[in-house]
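Single chain ahead, by itself, as structure tokens, in the form predicted alone.
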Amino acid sequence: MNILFVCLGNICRSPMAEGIFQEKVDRLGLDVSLDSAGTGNWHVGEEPDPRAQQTTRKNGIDISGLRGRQFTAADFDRFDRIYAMDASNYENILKLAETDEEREKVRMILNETHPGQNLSVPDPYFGGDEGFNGVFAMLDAAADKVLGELK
């Protein structure tokens, strides 16, 4: 199973998701490959936001080695599931999909914990530590749900 997490800039939500999922995949010994990307190109090559790193680090997860990259149509070939962090990311990903098979790979990540509600993971970039802590909790719960089903 190959899973991709996508947010806007690939420096906050999606690298946090990748790190949270990776820690759990490693602990559970699952055969799952993970990556993250952004729909925009502003942060390509950059490490995650320091606040995202601080939040994951205090939870025992190191995401400092991750680097931002932009989502491309080729990602549809590489990944079985593509999780969007919010409705805007979801729509931007779908614009690059060419087939129903590609569109079916794209999901809103919080639908895993709140089925059919299409809730967005709020972008914590312009907020404080509380926003990053809230995002961590949401993504941690989604990881438990997704990986629990894959076990």
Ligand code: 4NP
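Note that residue numbering follows the sequence shown and begins at 1. Computed from a predicted model, the values in this text were never measured in an experiment.
Omitted from view is the form predicted in complex with the ligand, to which the following refers.
Under a 4.5 angstroms non-hydrogen atom cutoff, the ligand in the predicted complex lacks I20 among its neighbouring residues.
In the predicted complex, the ligand lies farther than 4.5 Å from every heavy atom of L147. The ligand is not drawn, but in the predicted complex it has a heavy atom within 4.5 Å of C12. Using a 4.5 angstroms threshold between heavy atoms, H43 counts as touching the ligand in the predicted complex.
With the ligand left out of view, the stretch that reaches within 4.5 Å of it through heavy atoms in the predicted complex is, among 122-130, 27-35, 99-107, 54-62, 122-130.
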